[in-house]
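For reference, the chain that follows is the form predicted on its own, supplied as structure tokens.
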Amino acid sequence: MTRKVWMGLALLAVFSLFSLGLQEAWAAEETVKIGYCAPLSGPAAAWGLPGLEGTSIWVDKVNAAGGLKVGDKTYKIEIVKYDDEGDGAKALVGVKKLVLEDKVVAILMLGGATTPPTQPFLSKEKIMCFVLIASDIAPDRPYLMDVTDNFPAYHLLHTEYIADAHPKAKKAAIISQDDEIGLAAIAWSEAGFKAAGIDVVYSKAFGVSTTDFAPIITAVLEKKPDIISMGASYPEFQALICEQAYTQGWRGIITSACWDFGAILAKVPKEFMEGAVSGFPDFDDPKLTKDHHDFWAEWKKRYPDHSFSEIVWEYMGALDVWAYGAQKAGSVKSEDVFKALKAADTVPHSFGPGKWFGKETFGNDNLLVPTWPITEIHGGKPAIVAYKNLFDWLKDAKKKQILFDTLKAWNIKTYQ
């Protein structure tokens, strides 16, 4: 079966859900609430706020069709939001409100710094929590899942692609902020470059309060890298890093977990970013499906002045996975949905059928892994240039050992 057919089948769940029973729904009998506890302000807001755009499109479409048919009931969907500002203490207040007062059955979160303080409570209450940070998965967080974003694992695939497509690029520098997200990105990126035979000449975290990147980039460029990886730098950092690299005269290959491309292009000409590598296409990419394109058209219609990023669809993508699990379980109860999802051999993901992964690296197989797209910036816009699969990468025992050795060197616990 071709990739496009697989993706089309998956997206019957991922965007329309009509094939799963919505056409049979009439007036919704009850309302089911999903919590949205993410940074809607502060330095990580670009990794939280745009997600409301995608979830609003999803909710409107489901409710306009009459609701979500689960078992013998039909539910109207409601998103209850809470701004945690990327702060752990505020996130704990938020999830307690959402669960105890609003009675949500699942919570969408960014993850990272907000995960450690919130998970003991959510685990006790047996509430599913969908994050975008796979390195948050742990044995004592049984209901925490990453079902859309394959961070930080996809850094292995980005670096492999760079080695394949740019064999003359032999030296890499890696920088990201000094927090849970940034350090995970540095470690997995370093492992990927080493496994690909690329020399890592600079690999350091910067403080989260950094505003002047001139001395950092000066130190990076002294090592003469062919590649600069921004790891998982926050969007506001990405623009400043690129500005300094451009201003100081560097030209080479840039890679990152993701982009806030509008912010970057406000600082540098689009030619500077030509060929930059990541893993998130715009949803009008010709290699994607009609359902992707329809979502893109609706989003552009609603938010014509906004720049697209992976955040727009990732929280929405978690809603699709939750709905798939609820319909398989015939229940919206958190534990029932969780069990139904984990019992499935494959689960629909926006980029095709996903399989569960993570036992050796994170302690739980709670990461949903599809075959992942690789993108390059062409003419100021990301374009899919290849597809790669994490399971294929891990088949190489030597590469796999490099990964575990590198994670250990960065004091990141594994379960090999």
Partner chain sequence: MIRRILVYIVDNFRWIGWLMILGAVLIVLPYMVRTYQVEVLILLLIDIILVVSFRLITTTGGWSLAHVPMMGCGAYATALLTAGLGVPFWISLPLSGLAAAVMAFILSYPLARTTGFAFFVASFAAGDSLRLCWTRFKTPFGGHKGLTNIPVPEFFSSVDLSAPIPYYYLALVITALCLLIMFRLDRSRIGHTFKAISMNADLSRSLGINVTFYKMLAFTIGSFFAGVAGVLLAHRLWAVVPAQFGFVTTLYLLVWVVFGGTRTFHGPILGVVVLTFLSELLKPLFEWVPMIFGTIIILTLIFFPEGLEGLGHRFTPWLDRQRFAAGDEPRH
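Keep in mind the model is a prediction, meaning the values are calculated, not measured. Numbering follows the first chain given and starts at 1.
There is another form of this protein, the form predicted together with its partner chain, and it is not shown here; the text below is about that form.
- This chain appears without its partner; in the predicted bound form, the one residue of E85, D226, D285, D291 with a heavy atom within 4.5 Å of its partner chain is E85.
- Residue in contact with its partner chain in the predicted bound form (any heavy atom within 4.5 Å), chosen from D140, E335, E274, D199: D140.
- Not one of A165, A191 and A195 places a heavy atom within 4.5 Å of its partner chain in the predicted bound form.
- Segments offered: 347-355, 40-48, 384-392, 371-379. Contacting its partner chain in the predicted bound form at heavy atom distances within 4.5 Å is 40-48.
- Its partner chain in the predicted bound form is not approached by G330, whose heavy atoms all lie more than 4.5 angstroms from it.
- Remark: P120 counts among the residues lining its partner chain in the predicted bound form, judged by a heavy atom distance of 4.5 Å or less.
- Of the heavy atoms in K96, some are within 4.5 Å of its partner chain in the predicted bound form.
- Its partner chain in the predicted bound form is approached by L183, whose closest heavy atom lies within 4.5 angstroms of it.
- Residues W410, N411 are the ones in 390-412 with at least one heavy atom within 4.5 Å of its partner chain in the predicted bound form, listed in sequence order.
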